[in-house]
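Next up: the same protein chain in two forms, each one alone, written as structure tokens (structure 1, then structure 2).
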Structure 1
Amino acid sequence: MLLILLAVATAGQIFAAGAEKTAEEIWVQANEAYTQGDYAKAVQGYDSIRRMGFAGAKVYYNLGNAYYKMNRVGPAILNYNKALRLAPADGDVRHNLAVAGASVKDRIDVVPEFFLKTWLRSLMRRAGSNAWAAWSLVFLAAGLALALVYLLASRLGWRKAGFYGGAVCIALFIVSLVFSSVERREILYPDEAVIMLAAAPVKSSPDNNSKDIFVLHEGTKVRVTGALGDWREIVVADGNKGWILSRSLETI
């Protein structure tokens, strides 16, 4: 029985190594296709890597670049946003997303929000879930160390430094832990989507016979707030909401 288990484990390791090598080969071929201007072949290669389970920020970023070169704004913006979820501090992704966003037909005025909320969201998205989790451990360790200084130091100055420094570190630990949890939830349960059709009518209710209240175009980002069969309730950045067919959009 032990020999069978070892054989299965070894076979799994060999298969994984082979798959990784294949992914590397496809990556090289896709990059070569991109540099030669064969963007359709590049998309096929990057998408193959994604379907093999090797999707990362670079894969989504290159997919976005290839789609943008093909003038497919919707898939480009979708993949740039996916890359940004995995690498929120990547300046190249942000820049290319802004360039692609300028090609979107819809010009939507964002509803103003409290400046502190905007600042906190911007701060949170400067790092990913794993990075914030790592920072939370650093702040926790620092807080515990400073707590020991407060408890064991004989000088009043050291005790004050330990107390106030420890309090700050514990507060930062809580903030970074919350940021990590929010970022992880957004990755696991995404509620943002991108319109993938050239023009998608938004209706007043989840019914083909209902009234068209406005039309969204390819590349516009929306937030999904509900679902009913093939219909999705969406909210646009300006606060307008309605129902749209699920095939009209793709979740980030």
Structure 2
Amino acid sequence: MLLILLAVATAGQIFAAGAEKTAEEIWVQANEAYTQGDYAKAVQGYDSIRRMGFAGAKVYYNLGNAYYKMNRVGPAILNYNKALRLAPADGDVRHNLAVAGASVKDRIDVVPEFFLKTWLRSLMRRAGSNAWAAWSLVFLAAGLALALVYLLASRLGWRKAGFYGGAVCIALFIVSLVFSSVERREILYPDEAVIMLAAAPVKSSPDNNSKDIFVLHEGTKVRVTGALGDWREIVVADGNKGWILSRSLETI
């Protein structure tokens, strides 16, 4: 029984490894196409990697670049945002997102939030979920090691270092675990979306005949707070709320 399970698992591993190899080949080809200026082909390549079930900050970044070169701001911003989700501290992604963002029509005044929240968020964005998870393991190991120092050291200085250092490390372990969980949640259950249509009317209620409140343009980032049939309730960064057809946006 155990043997059979093991065999199935191994076969799965081999299959997965094969698929990854193909994906890497496509990756190289798509990069070549991009370099030669064949952006449509590059988009196709990156997209097929994505459809094979693989993800990666670099893939989203390159896909965003290719879309941007094809003058499609909406998909470009969507993919940069996806890349940022996986690698929030990546300077290139941030730069390109800013360049693409400059061509978004809507200028939205962001509602200011409490400074501590902003500060914590910017701290969280210094690393991705996986990096924070790894850090949490490092902090846990360090914290427990320092606890041993506290318990074993004969000199008072060492004991003090062990005690306070250990406490700090355990606190950092908890913080990084929280950061990692928050970012993991954002990736697995995304609530942010980017407008994909050149102009999308936002209505007061999920009904075609209801009044247009405002119009959003391609590339604007919104938060999805509710859904009803084909309609999504969205909140713009300036606090405006409304309903929009689901086909006019795509979640990050």
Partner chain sequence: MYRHRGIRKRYGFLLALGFLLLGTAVKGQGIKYEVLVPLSVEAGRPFNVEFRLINAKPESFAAPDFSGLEVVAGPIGSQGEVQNIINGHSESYEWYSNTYTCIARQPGKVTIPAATVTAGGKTYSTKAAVVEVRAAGAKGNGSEAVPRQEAAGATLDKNDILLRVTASSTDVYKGEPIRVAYKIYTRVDFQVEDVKYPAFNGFWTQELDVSGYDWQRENYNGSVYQSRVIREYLVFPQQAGTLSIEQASLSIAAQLLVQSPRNRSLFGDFFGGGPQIEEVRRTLTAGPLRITVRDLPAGAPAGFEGAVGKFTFDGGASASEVAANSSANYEMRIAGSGNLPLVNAPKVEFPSSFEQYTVKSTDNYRVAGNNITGSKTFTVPFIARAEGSYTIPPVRFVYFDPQAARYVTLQIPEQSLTVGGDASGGASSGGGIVSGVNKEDLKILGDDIRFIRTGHPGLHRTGWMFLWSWQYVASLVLIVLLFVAALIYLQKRIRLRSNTTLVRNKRARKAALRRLKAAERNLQAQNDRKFYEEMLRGMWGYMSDKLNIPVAKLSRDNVRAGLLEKGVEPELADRYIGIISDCECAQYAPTASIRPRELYEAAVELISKFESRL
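Heads up, when I say rigid core I mean the largest set of C-alphas that superpose within 1.5 Å between the two forms. By convention here, residues take numbers in order along the sequence of structure 1, the first being 1. This structure is a prediction, so every number in the text was calculated from the model and none was measured.
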Open item on the list: Of these two forms of the chain, identify the one that is the form predicted alone.
Closed with: 1
Open item on the list: Rigid core aligned, does the Cα position of E186 differ by 2 Å or more between structures 1 and 2?
Closed with: no
Open item on the list: Core-aligned, what does the C-alpha of N31 shift between structures 1 and 2, expressed in angstrom?
Closed with: 2.4
